[in-house]
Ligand code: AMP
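Have a look below at one chain only, the form predicted on its own, in structure tokens format.
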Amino acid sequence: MISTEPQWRQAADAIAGAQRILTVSHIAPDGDAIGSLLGMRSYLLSQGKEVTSAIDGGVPPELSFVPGSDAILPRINSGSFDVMIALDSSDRERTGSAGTYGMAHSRRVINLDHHPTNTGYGDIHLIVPTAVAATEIVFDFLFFLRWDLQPDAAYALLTGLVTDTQGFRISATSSRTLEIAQKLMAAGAPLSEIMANTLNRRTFAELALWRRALGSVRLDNGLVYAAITQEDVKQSGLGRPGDGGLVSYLVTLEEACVSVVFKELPNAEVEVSFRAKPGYDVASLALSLGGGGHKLASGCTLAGSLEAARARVLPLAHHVVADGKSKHS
């Protein structure tokens, strides 16, 4: 059963009594996944723990600037652990092969996450759905432990805070979010450098993917959607997961309430990403399709073709738009 309150003391005691600790985060990691993992890893190392960190596929090139990221393994298939800490992962599947191995070879599992759709896996829960990022929860946990933030940990945590709030622009950003950012900066995190390496950075391959995908964009009564084929990915040369930020760009259109991007995967699956403006809830949509996320940002993966995915998802997405509009009227 999922704990309704963060189990700070239980987590602290479990870590204090452990020597070998595994930290993992979700597949296709973003800034919050990398930042929360590295922030926690920095603390654990300072306490003399033997720390192994792994994420399926390793760290994406665009996040390799975060100090300590080279210590994250792209896979794990050996070893046993006293504690595994899963960060920023709403369900077991999101932790990938690294998480599956870790759960089978760890005595206890700590689930640290901020997604409202978290399934409550693990033995100890640090789940705070009101947090804007998993890095906020790590920050609060380190404060609970009375640990003085080190520059590398502050750098990692601010990276997660910046990326998950889109540069403090989402509606969930509060005065406390900015207070945490200020404390991380005071501990040595360079805000301008992090901004330049995340929000203000795009590769030519991403631009090439957008150029091909934009021809598929359609707008229908507040719902804007696009599709990315395997040929689009091949021709653009984008060799990493995701859509290069296209779904986030599409929802900024004045006429858009909800955006959806379908991306064809090589294994007869389709990755579906959702974004929404305040007042519209795509988390419940993703959850109904076996995925998860936040009200304004979520996703899922569906078996089958692009055509089948569109036929299944678009009517549900239209319902989300209509439901949001009815609440606004």
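Position 1 is the first residue in the sequence shown; the rest follow in order. If you're wondering where the values come from, they're calculated on a predicted model, not measured in any experiment.
Another form exists, predicted together with this ligand; not displayed. Remarks below refer to it.
- Using a 4.5 angstroms threshold between heavy atoms, Thr301 counts as touching this ligand in the model of the complex.
- Within this chain, Glu206 is remote from the site of this ligand in the model of the complex, having no heavy atom within 4.5 Å.
- Mapping the unseen interface onto this chain, His115 counts among the residues with a heavy atom inside 4.5 Å of this ligand in the model of the complex.
- Mapping the unseen interface onto this chain, His125 falls outside it, with no heavy atom inside 4.5 Å of this ligand in the model of the complex.
- Exactly one listed residue, out of Glu136, Asp91, Asp152, Asp232, brings a non-hydrogen atom to within 4.5 Å of this ligand in the model of the complex: Asp91.
- Comment: 292-300 is the region of 46-54, 292-300, 33-41, 65-73 lying near this ligand in the model of the complex, near meaning a non-hydrogen atom within 4.5 Å.
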